[in-house]
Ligand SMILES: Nc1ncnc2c1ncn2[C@@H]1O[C@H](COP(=O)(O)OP(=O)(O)OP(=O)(O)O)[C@@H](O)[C@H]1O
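Starting off, we have a lone chain in the form predicted alone, written out as structure tokens.
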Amino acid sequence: MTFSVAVSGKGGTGKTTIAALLTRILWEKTGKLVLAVDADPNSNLGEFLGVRPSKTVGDIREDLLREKDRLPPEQTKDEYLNYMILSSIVEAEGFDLLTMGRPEGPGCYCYVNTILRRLLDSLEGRYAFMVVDCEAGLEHFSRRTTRDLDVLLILTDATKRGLTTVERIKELVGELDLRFRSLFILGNRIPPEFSGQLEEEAKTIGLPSLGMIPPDPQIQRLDLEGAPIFKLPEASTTYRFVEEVAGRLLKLQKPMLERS
């Protein structure tokens, strides 16, 4: 059974950095394969992981729209999409990457999302972990394009807008009956003088906190150089912090596996 984690929150909170680092650390600490899903239309997760997707699900959607009348009669749209999406998965050491991308033309993702959710269900036996880098904000929750997962990490920065987004995501999860087994708030790039206040705000919102990651010059340097997350030293502040987060998530995984 795949243990799945989604990383969400306001834009600019470092979701992709945390998702990439979780992917790295879960593999390093367990030796088990991780499926990294880039569900953000900006599609930066591959860059952080040091790989480049050949095709995105958005590209495949456009291909289907162009080719649907030319498909052989023995091949259904479902079969075509399954094959193309499987072919788009980039295999790397320790992880595979699936990139959603964005559609270029008119229309919605509804049909493709349905196929994608079915495919992710079918892939569960191949992966010990799945880490999803979510689209910024709230729209994907209201569209119900986020699959039911084990853990939702909601990131915030040291701003009122970040905390408001956390609170609204929590409300939407309840309103839409999205089935996450655990929800957590995680602060990122939080100056130490604000960490206590943010912890109190987390209590007010009613979510357990996984802590407040302080600003990290080594992460900033990595971003500036465009280097993958695997270049981040294990001694860096963010690495050590996310390592602790991963340890707590792995402790959650055990009772979940025992109940399944």
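Throughout, we count residues from 1 along the sequence that is shown. Here the structure is a predicted model, which is why all the values come from computation and not from measurement.
FYI, the form predicted in complex with the named molecule isn't displayed, but the following is about it.
S.K.: Is D216 close enough to the named molecule in the model of the complex to count, meaning some heavy atom within 4.5 Å?
M.R.: Output for D216 is yes: heavy atoms within 4.5 Å of the named molecule.
S.K.: With a 4.5 Å heavy atom cut-off, would you call Q220 a contact of the named molecule in the model of the complex?
M.R.: Yes, Q220 is a contact residue.
S.K.: May I ask you to state whether N188 is within 4.5 Å of the named molecule in the model of the complex, using heavy atom distances?
M.R.: Because a heavy atom of N188 falls inside 4.5 Å of the named molecule in the model of the complex, the answer is yes.
S.K.: In the model of the complex, does K15 have a heavy atom within 4.5 Å of the named molecule?
M.R.: Result yes; K15 sits at the interface with the named molecule in the model of the complex.
S.K.: Of the listed stretches (40-48, 199-207, 62-70, 24-32), which one has a non-hydrogen atom within 4.5 Å of the named molecule in the model of the complex?
M.R.: Flagged stretch: 40-48.
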